[in-house]
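Take a look at this single chain in structure tokens; it is the form predicted alone.
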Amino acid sequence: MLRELKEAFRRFHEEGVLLPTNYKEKRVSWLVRLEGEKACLEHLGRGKGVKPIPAPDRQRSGKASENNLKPYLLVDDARYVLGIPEKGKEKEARLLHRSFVGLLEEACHETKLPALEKVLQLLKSLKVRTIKRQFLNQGGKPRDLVAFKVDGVLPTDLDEVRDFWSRFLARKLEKEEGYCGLCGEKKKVVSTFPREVVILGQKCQMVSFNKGAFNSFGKKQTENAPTCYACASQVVDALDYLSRSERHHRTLYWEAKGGLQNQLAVFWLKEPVTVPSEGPAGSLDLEAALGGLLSEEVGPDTPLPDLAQLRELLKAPWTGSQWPTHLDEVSFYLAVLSANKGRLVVREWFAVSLGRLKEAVARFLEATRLVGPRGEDPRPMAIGALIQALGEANPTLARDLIRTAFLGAAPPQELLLALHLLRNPKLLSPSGPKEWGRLHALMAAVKLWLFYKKEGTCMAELDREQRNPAYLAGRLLAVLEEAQKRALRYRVKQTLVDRFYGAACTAPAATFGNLLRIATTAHLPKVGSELRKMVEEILAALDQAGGFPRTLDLTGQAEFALGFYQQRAELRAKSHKESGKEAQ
């Protein structure tokens, strides 16, 4: 994975999307402006309302002490920049401020930049007391970030400052010589990686050997996995960009207190690929479309990425003069990451060629493609939507679904949790857009599992030729429910589905006798011939298939659920269409 991240760094560097080496976007709350001889303080605000700026960053952890002082250059919190103490920590604040000024002196000496000289003079003059007083009077806090702007320019944007920061970190981190495991050259290797990456709000070290048990042959920390400074910086910068870029990451699972259960997927292609498409744009960005497979949204009104367009594209042969000729040589990379108390957890990692990926993704999209619960056009379902609908935080579910989608592996058995959830009447009778979307995703999970088990025989819409007894029983339950609703003019608080779905999907033979008796005496005589004819056709097909099953196993229950859902969707679509005509 580190080697591929190093390759990704080259691509992103050429595209010009990376921050300077070992820089990170930070939201600065306070800006000290230096214009000529004047110095003033400006409050920019706090939180997400503040536009982040690129600023020097480094790995910093543990309690500050004489042996553990790691200031950031020019942009740091008020303890370092101004020496503003936290309550009862005046001595610590003096120590931190001294280290900040010491680093600035080193930068001034090496770069000879007037802008840095000006900042240093301010911090050593009496004017800094006025800045401190303004900071405290305006409600500044010791942990607020403070930056400088000299004559309208952020010093951190200057090339000389960026080069100094990279050289400074290299001097601090490089230890013994060794062969770098990534570039293979003999160089000084780093003791720790230059900085952390942020995964779902937690700072994480990419490589960590911080316990004595990890020492080997006298080598400590990252010397056990020798990496030179340039390679270590490149892999951190590449992963940092991937985890920040909306194009390259998706949250698979997140809860406020989810901790280790929270998961983030990062993905990229070896190189960008655009392929011809019949869509309105005339072409499809393959990398962005593949990212759509990982989306977490479940609402039916959410504009899903081009999954339907991607499905059509993958079904067609990748040939012709308009197509790139090297598609099989392009690899797709994907990692599923979590954060665990400062350490990066890699839950899944693979690289697969587009040629192999094409078949797997096409099959997954076909397997999850299903009509909407109210008869909307069939559409595929994304992995994130399936996970959110199941409400299952098991990390192996996300990993297994990703393997199914991108590598063609069998879908996980955990998908059948949907069968248990569907016995909840509230889920079967949604009341809002989000609930309708969840029902659709749950049924897509059931169809996905059946599709791979039944070798692709499941249809996206109602299959009238299907003669499976469980599927027919599910259809019959939907028709009987519709008859009940029509007979009672849709003024019914609890339908027979609310009361009998669980029994009907596990023991049809014992349940449908009573349901048919009620329907034939109380409901069917009050509705039109359409529903009576449908009941007769389904019962005739059931007779030919051997009658009602005595019991249904999990596979049978999945077939029952699919038949019920698709029949119900068709009835709802027809009802909606007829009500629309009446309104006209």
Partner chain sequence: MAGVTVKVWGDFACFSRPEFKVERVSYPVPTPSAARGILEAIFWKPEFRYEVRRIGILKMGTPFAILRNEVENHMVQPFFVEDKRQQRASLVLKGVAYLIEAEMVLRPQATDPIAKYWEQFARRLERGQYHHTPYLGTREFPAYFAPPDGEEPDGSLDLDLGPMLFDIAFVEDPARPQLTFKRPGKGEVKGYALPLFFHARIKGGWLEVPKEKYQELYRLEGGHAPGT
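Numbering follows the first chain given and starts at 1. Note that the structure is predicted; figures quoted are calculated from it, not measured.
Below, we refer to the form predicted in complex with its partner chain, which is not included among the displayed structures.
Against its partner chain in the model of the complex, the set Lys112, Glu160 and Ser233 makes no contact: no member has a heavy atom within 4.5 Å. Interface residue among Val352, Val207, Leu154, Leu428 relative to its partner chain in the model of the complex, by the heavy atom within 4.5 Å criterion: Val207. A heavy atom within 4.5 Å of its partner chain in the model of the complex is found for one listed residue only; from Lys341, Lys257, Arg489, Lys87, this is Lys341. When its partner chain is considered in the model of the complex, Lys577 lies well away from it, no heavy atom lying within 4.5 Å. Contact annotation for Asn215: at least one heavy atom lies within 4.5 Å of its partner chain in the model of the complex. Among residues of the shown chain, Lys211 is one whose heavy atoms approach its partner chain to within 4.5 Å in the model of the complex. Although the partner is absent here, Val346 sits close enough that one of its heavy atoms falls within 4.5 Å of its partner chain in the model of the complex. Proximity to its partner chain in the model of the complex, taken as heavy atoms within 4.5 Å, picks out 395-403 from the listed stretches 365-373, 164-172, 395-403, 493-501. Contacts between stretch 168-182 and its partner chain, counted in the model of the complex as any heavy atom lying within 4.5 Å, involve Glu176, Glu177, Gly178, Tyr179, Cys180, Gly181, Leu182, listed in sequence order.
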